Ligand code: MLT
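Here you get one chain, nothing else, as structure tokens; it is the form predicted alone.
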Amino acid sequence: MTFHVLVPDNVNQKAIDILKNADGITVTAPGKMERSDLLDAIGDADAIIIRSGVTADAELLEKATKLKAIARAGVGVDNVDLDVAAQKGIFVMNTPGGNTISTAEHTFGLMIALSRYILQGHQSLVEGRWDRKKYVGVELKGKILGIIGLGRIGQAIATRAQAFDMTVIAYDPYLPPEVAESINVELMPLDDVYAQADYISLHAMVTDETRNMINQESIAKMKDGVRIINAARGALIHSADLAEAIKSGKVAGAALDVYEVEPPPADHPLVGLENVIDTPHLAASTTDAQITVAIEAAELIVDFLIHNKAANVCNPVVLE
């Protein structure tokens, strides 16, 4: 039996080579496909590899009459309708480890830039000013970092923060306490993290419980002058509430790599706001990470189609 794998987005050539070299697999990899072309082509695919730019919604999945597996070259699968995939018996798999370091380093870069006004200082100098007194920052040493979501990325950030002599606390209701203890992080209730942290870094998934978790009510529980970093998902923050808190001085600043809608609209309340750093979803955008997640996604598909092995399954309903 020969399986057909469709790759409707740009992935590293090493992943395509893995698929092409696997016995029993044929590959169609035209690069970034238009939505209409993808809808036409999906019916012939036994498996697809996607990135964040492809939306595997109900419309697409209904046309995917042969589809058995979706591999996401990356962590987030919010661009896949997991319920519909489960109903149709389609395994959805991701590559959670491939961009851990890339995202952790970007998050830490945002934290440093936010603390030392690096972007603002650069821009002022480019514009002919010498604003040394205006941009007096703060050190990370001795500060408390509160991490919400202590998974792979959160743990990588925790170890880096400790190298900067920060104290790290975290909220993660699903993590065994011994895992946090092994990296010298104290788990505590969410309200305690809000109350104690000088910096809050978000690394949670978007659920009914976490959507808009940074809002007027939660910000009121935080220290005056707290700084907030989000390289996870934009929907974790109620943007208007955070913007007001920054304008009032309650929140000293924020650094954001993700937004509710991407790209964000021109009137987004946190884009262009003073004391806010915005980057265009760059956390996983390193050559190293893109190669790693692409290779891992290709290996997932080969193992699934050829060896009947499923790993990193995100919709376990199909296993029932």
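These figures come from a predicted structure and were not determined experimentally. Don't overthink the numbering: it's just position in the shown sequence, from 1.
The same protein also has a form predicted together with the named molecule, omitted here; what follows describes it.
**Student:** Which pick from 35, 32, 63, 281 sits with a heavy atom within 4.5 Å of the named molecule in the model of the complex?
**Tutor:** Exactly one residue meets the criterion: 281.
**Student:** In the model of the complex, which of the listed residues (152, 233, 160, 223) lies with a heavy atom within 4.5 Å of the named molecule?
**Tutor:** After the contact test, the surviving option is 233.
**Student:** Look at the stretches 161 to 169, 70 to 78, 206 to 214, 187 to 195 and give the one with heavy atoms within 4.5 Å of the named molecule in the model of the complex.
**Tutor:** Single hit among the candidates: 70 to 78.
**Student:** Look up in the model of the complex whether residue 99 has a non-hydrogen atom within 4.5 angstroms of the named molecule, and give yes or no.
**Tutor:** Yes, contact at 4.5 Å.
**Student:** Residue 51: heavy atom within 4.5 Å of the named molecule in the model of the complex?
**Tutor:** Taking the distances in the model of the complex, the answer for residue 51 is yes, it comes within 4.5 Å of the named molecule.
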